[in-house]
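In structure tokens, one chain follows: the form predicted alone.
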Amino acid sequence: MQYFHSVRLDEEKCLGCTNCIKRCPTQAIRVRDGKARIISNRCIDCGECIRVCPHHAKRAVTDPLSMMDDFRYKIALPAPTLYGQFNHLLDVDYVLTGLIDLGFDSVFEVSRAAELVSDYTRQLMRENKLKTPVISSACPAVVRLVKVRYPDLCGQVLPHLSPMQVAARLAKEEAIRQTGLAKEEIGCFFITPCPAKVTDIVSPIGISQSWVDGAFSIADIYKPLLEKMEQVKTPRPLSKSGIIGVSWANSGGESAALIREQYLAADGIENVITVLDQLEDERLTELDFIELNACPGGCVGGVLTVENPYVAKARIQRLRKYMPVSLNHVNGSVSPEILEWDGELEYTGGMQLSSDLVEAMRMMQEIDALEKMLPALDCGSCGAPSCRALAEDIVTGSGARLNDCIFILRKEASSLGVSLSDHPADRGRIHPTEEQNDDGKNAQ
């Protein structure tokens, strides 16, 4: 099976340190022969390795701005996180007008689609049509984390498309009606704060093909957009969303939009894993809704942004004062069906040791035996994130050896030293640990 990943490794910059393997939430990274290696079927493109790599050896692949030239009609899909990148911004219409001046033919705020998703979720929860606690599906990194680590939780993930996907479909359908152009002539470009959204464009969750044609990182578009914004005298009245949609940029924004008290909002991949572990252990059953964001602070903490996430969060909070509550609702003009997944979320994780059950059991026993030989320190010096992972790599033939563990290697070296000291040809020689007197004789 082929996997697309927006997170890539630059081997020339990689020095083989262990920062990334210890922070990867799915144990998708190994260090072999002095270089990091990403295990494709485990990576969820959360960008945590980009965040923690001191040598900038991990990067996210996005599209160049020149990609707009491939389409006759260009639509910008700005994530609400974009608004938090600019200082002294009191009106998002300056950002939207700047995007038009940058070369886009129209803009469709992703916050508009977020309000639709919130409205539809409220409706389904009122009608008790969702299994609680409901897990938000807004963060594709979290959804993929559930797919590879938490099979029992797949049925609790909200079966709705992300606001990015909804916005792209609505924007393109609207443009087709207005321009008469074919779908293929219209390009929708998401302005993204994180690599997980890029992956969701190429390999979308819940649908077979994305309506988004490309992704520009906030970091790449920030400077040219700022230059255009500074030239705007009177912005065009383009904004069509309110507090509920824009608040999705911050952790807790989606939850607050449901107008329910029994919810939990957690951000940062380590906190997300803690919550999912507790949910799997049925320790959070009193909750109605769980909002999880892989990035610290929510989407404002994405690795493709330019501003400190806490500064960006405060700016978005200030913007809210000048906005209506919400301007978008699911009704006759927007069919709820376009918000829904085509199918169910399926578990894709797990390491299949062998298609033969007997052989798989034998390999599992071998892994257990090897793990008991290891020091249980999970130091990462062997190039694997844990002693258990090293044992698995050895048994599955993934290029690992038992003496990759420095503690095993130290024991082998110590045993070899003792063996050499006991060699007949070595007897009678003075060893460095033995002291000598002035006559050159061994001290007693």
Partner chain sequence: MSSSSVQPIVQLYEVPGNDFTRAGEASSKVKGILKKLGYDPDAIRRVSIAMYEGEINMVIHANGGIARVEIFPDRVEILLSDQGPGIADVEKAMEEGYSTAPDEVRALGFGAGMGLPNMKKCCDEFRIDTAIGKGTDVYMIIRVRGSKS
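Please read these numbers as outputs of a predicted model, since none were measured by experiment. Take the two forms, superpose them, and find the largest set of C-alpha atoms that agree within 1.5 Å; that set is the rigid core. Numbering follows the first chain given and starts at 1.
A second form of this protein, the form predicted together with the partner chain, is not displayed here; the remarks below concern that form.
At the 4.5 Å heavy atom threshold, is L130 in contact with the partner chain in the predicted bound form? Contact with the partner chain, no.
Interface membership of E48, the partner chain in the predicted bound form, 4.5 Å heavy atom rule: E48: no contact with the partner chain in the predicted bound form.
Report yes if any heavy atom of E261 sits within 4.5 Å of a heavy atom of the partner chain in the predicted bound form; otherwise report no. Heavy-atom contact with the partner chain at 4.5 Å: absent for E261.
Please determine whether K35 contacts the partner chain in the predicted bound form, using a 4.5 Å cut-off between heavy atoms. No.
Which one, K183, R283, R236, H329, lies within 4.5 Å of the partner chain in the predicted bound form by heavy atoms? Selected option: R283.
Looking at E173, E270, D277, E344 here, can you tell me which has any non-hydrogen atom within 4.5 angstroms of the partner chain in the predicted bound form? Contact with the partner chain in the predicted bound form is made by D277 alone.
For the chain seen here without its partner, which of 164 to 172, 76 to 84, 362 to 370, 214 to 222 has a heavy atom within 4.5 Å of the partner chain in the predicted bound form? Among the candidates, contact is made by 362 to 370.
Interface residues of 125 to 152 toward the partner chain, as seen in the predicted bound form [heavy atoms, 4.5 Å]: R149, Y150, P151, D152 sit within 4.5 Å of the partner.
Align on the rigid core first; then say whether the Cα of E371 has moved by at least 2 Å between the shown form and the other one. Yes, shifts by 2 Å or more.
Exceeds or equals 2 Å, Cα of R59 between the shown form and the other one, core fit: False for R59: its C-alpha shift is below 2 Å.
Quick one: once the rigid core is lined up, does S386 have its C-alpha move by 2 Å or more between the shown form and the other one? S386: C-alpha displaced by 2 Å or more between the shown form and the other one.
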